[in-house]
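We begin with a single chain expressed as structure tokens, specifically the form predicted on its own.
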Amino acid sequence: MAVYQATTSAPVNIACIKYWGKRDTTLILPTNSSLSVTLSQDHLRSTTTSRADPSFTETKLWLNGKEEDIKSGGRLERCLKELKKMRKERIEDKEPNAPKLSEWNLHIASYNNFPTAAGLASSASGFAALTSSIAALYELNTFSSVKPAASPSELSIVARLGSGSACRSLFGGFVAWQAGSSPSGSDSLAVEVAPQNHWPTMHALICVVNDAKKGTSSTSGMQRTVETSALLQHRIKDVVPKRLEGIIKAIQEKDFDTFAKITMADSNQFHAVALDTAPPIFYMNDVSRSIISIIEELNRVSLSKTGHLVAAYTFDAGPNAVIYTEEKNVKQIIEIIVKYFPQSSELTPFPDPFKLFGGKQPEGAEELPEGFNQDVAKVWEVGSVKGLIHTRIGDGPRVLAEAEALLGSDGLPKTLA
């Protein structure tokens, strides 16, 4: 009997213009448009295998090997319902001999190669991987004689039903999520601003401050903000539209200074909005604030010497820092971060994917740049930054080979090494 199965991976995206607040909590329609950078799947990704089979008695989901509840009317169920509808209307209703996959239950196994629910956008890559996997299983992303393929923007509408920022992980490069205005959500989708290869020298350094599950989820946090923050309304109406226009222009022109200024300002305002919530929400901690001080001081010194910024920090709904910079500056920034946040090779081995340190654990900078005020932050104890992830701009979802499937021949999750 034929096996109907597909495996895909999808990337993490980190927003430069933040999405925070919904105007419709069921359809996940945002209060403002947003923009993100897609990070490389070679270092951060979610992988999902989905299989349809008439013998399955119920639809099941396993996340990182653990079976999860599929809530009735919940986000996952809404995504599945929409994908089944697309399969039925586009293929099964038009091709009499097509297998009725939309009527069969599914087994879905998903795996994140990074901490889940720690502020590293695991729900974004997770729902993007799930959407693209089932789209591949249902052959929605391929052309046939009776239908066009579903575009990434079209599939982003489905991914959005699971996690708002997941819609942006349907593309590589630089991606905008257009808020839209239709009550149906038909125009609230992701579009590519610039492809992966547009700005190849842009890199990202993730400082993993805390890999534990965060205290206030994004879902509950943003709704509290919508209900109580006066600053949020100013942000939506007066700030975000101008920033979005400015950062898109900066990306297109590869203007790092403007990109950095807007990215840092928007991160700071997002956390100010969280603080303006009642009761206030604290996603950053003292380590996060020290990283901000270090990057601001590095930029101050660089600006005085060269007239240009060298780095941009941004923080999502968690304490982990993402630092964007040009490739030529990465080594220096890592050495400065390690000087203030010593790393233990036993606890946090640095993978060094770009061989900046010859595969060895990076050591702290022996000397800080001339004019750098070393007292902007204290030297923290080992483990304050639990690890460093060096990556770059990446591509959108990938369809993987059968050898990378997460389900075994019995339709149950494989045991991962």
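In this text, residue numbers run from 1 along the sequence as written. Since the structure is predicted, the reported quantities are computational estimates derived from the model, not experimental observations.
The form predicted together with another copy of the chain exists for this protein as well; it is not shown, and the discussion that follows is about that form.
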Students should find that, of Asn268, Asn105, Asn113, Ser153, the residue having a non-hydrogen atom no more than 4.5 angstroms from another copy of the chain in the predicted complex is Asn268
Note which of Ala272, Val191, Val301, Ala149 lies within 4.5 Å of another copy of the chain in the predicted complex, where distance is taken over heavy atoms; exactly one does.
-> Ala272
is_contact(Asp286, another copy of the chain) in the predicted complex, heavy atom dist at most 4.5 Å | yes
Using a 4.5 Å heavy atom cut-off, state whether Val376 contacts another copy of the chain in the predicted complex.
-> yes
Using heavy atoms and a 4.5 Å limit, would one call Ile292 a contact residue for another copy of the chain in the predicted complex?
-> yes
Please run the contact check for Pro241 against another copy of the chain in the predicted complex: heavy atoms, 4.5 angstroms, yes or no?
-> no
Of 72 to 80, 125 to 133, 229 to 237, 166 to 174, which is the one stretch near another copy of the chain in the predicted complex, taking non-hydrogen atoms within 4.5 angstroms as near?
-> 229 to 237
